[in-house]
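A single chain, nothing else alongside it, follows as structure tokens in the form predicted alone.
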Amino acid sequence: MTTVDQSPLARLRELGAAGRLTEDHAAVAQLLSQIASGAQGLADLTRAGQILARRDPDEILRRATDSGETVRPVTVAVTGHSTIEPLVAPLTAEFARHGYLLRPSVGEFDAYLRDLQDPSSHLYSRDTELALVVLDPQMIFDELPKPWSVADVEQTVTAKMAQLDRLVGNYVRHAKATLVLNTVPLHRIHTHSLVDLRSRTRLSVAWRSFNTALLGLSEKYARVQVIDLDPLIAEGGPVHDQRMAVYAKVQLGDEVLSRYAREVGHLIRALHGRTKKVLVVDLDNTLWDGILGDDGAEGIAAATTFRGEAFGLFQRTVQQLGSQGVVLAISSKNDREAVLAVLRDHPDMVLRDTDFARINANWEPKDTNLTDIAARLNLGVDSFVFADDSSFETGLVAMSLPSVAVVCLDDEPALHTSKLLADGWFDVLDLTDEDRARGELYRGEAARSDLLAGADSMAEYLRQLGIRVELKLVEQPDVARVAQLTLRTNQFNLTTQRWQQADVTDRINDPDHLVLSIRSADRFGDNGVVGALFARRDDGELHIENMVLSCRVFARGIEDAVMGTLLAYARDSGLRAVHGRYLPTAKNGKVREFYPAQGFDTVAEGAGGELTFRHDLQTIPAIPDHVRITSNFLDRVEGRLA
């Protein structure tokens, strides 16, 4: 029976009542996205999480396997000083919203120190991907003498920081999960238990020093992230409910925990390399106030007027994202020449035509334009974020391209920026040089497209490109970029093994491993580090663990040159053979024949389509004539792997 209330939360409840929450994962994710963008998004997501937490994770995975749907389970261990069970519901909803199935493991009350110290605790479990240690102010105040002084607090936070540093160091040495801590709010009941203002100031100084030291742990340890609660608390809502704190020992309120859960959802996306790459924006009433076709260039504004200032702020935010490697594009129902004239000459515009990798100003449907932009950039639409003020356009894209993250703007431009930034779609663990240059790199693709269009043949195009490749041993400055490539590359990714920076570092420090970065350039500029190759020696033979290559440089002969160089190195080093594997995914089908094309023999085909290959090094494929490759590893690893 259809209910009168058709809110997304009501429809989720209907799915639950119909017993379909375990079988319709995609529909659940879409409803959660709608719930998140609602006026009561945080509270309703918690309610949704309470519904979803009743599901049987094993049953969800079984049904997903039967239907061919991809559902990624993530085990998250949670511990803390106070009551932390209320975190599970919002965490369940946030993970489901991003296509993850949360498998939570919640520790006992006030067990965080024991859990951090004990290698047999759930934080250290091999299945644990995220270990959340939820810190709250009572972890300090419970250890103070009664009554306490500021000197007691100063002494205790110093000792606590030293204890945490030691425990965190021990954890990252013995566990594989990413450890997540948080800064700790200072409640008014603590500051105002002191009657003199000077002591309150000293307490605040000590507290901020403690939080600064906590944040410093993420700089000190590669697999530690510290969520700063200050910006989350500043968004509004009570930090805690004093009644719940006294009676139930819940020291962080529902709204803070909901915002914390959202940040953890963004973090798991970044850890899995699911960061979005492209921001596609509308123009009319999105980047500027007014409708270009109706009002003319003189009738639109992005500055000088009351509303125009808000659009100018939004443009500066988009520009800020672009400066950090987010590729910008436009999809607008307008005449192209009129749009270009505004972007080039209008005095209000912060963003200019040269800031965008693609400008699709035409009268085609928006979903068609997004597909076209993706094809032109050689990217999947699942790497796109689309922002538009039209509910018709956002609804169309959400329905026809469900993998696109849709930002629903409205007629209040002052909120455009906060809506765009609400979900951290572009968050990465570290910003690399390649990230900062990505916009320029993709704009260079337009020049390459022009060259290709004017060339007589593909061979002539490749010859004119003047491709140069540098193959070298990975050193510490390139670790972040190499790890990022394993996380974010989907198409040319032979085994789809995802490695964090610590995993890459472990390999470059292991003498049995060979980790190479692939850097390319051509007549249009430096493409940066575009790929990586991981191999290890075993009993006189070389096993390629994985090879990844950015989709920006596919089919230019770079992969052939790299493999030819590696095989020649293996032969010259006296190795008997080189082995490779291909593990199929939904996106890497185009590289299924890569190894056979390089002269490898197929030796086995396993369940699920896994292929294993062997090259006997008798005939080494030639380096393509149009590629000039240099390498620095041949001499430096002489005798190391042989």
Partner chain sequence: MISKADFIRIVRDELALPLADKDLDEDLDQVVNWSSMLLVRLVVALEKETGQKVQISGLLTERTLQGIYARAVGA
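Residue numbers count along the first chain shown, from 1. These numbers come from a predicted model, not from an experiment.
The following text describes the form predicted together with the partner chain, which does not appear among the structures shown.
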Task: Heavy atom contact within 4.5 Å of the partner chain in the predicted bound form, the stretch among 172-180, 246-254, 354-362, 138-146 - done: 246-254
Open item on the list: Please tell me which of 50, 30, 588, 37 lies within 4.5 Å of the partner chain in the predicted bound form, judged by heavy atoms.
Closed with: 50
TODO: Tell me, out of 237, 322, 86, 99, which residue has a non-hydrogen atom within 4.5 angstroms of the partner chain in the predicted bound form.
DONE: 86
- [ ] Give a yes/no on whether residue 241 approaches the partner chain to within 4.5 Å in the predicted bound form, heavy atoms considered.
- [x] yes
Open item on the list: So in the predicted bound form, is the partner chain close enough to residue 54 to count as touching (4.5 Å, heavy atoms)?
Closed with: yes
- [ ] Please check if residue 11 has a heavy atom lying within 4.5 Å of any heavy atom of the partner chain in the predicted bound form.
- [x] no
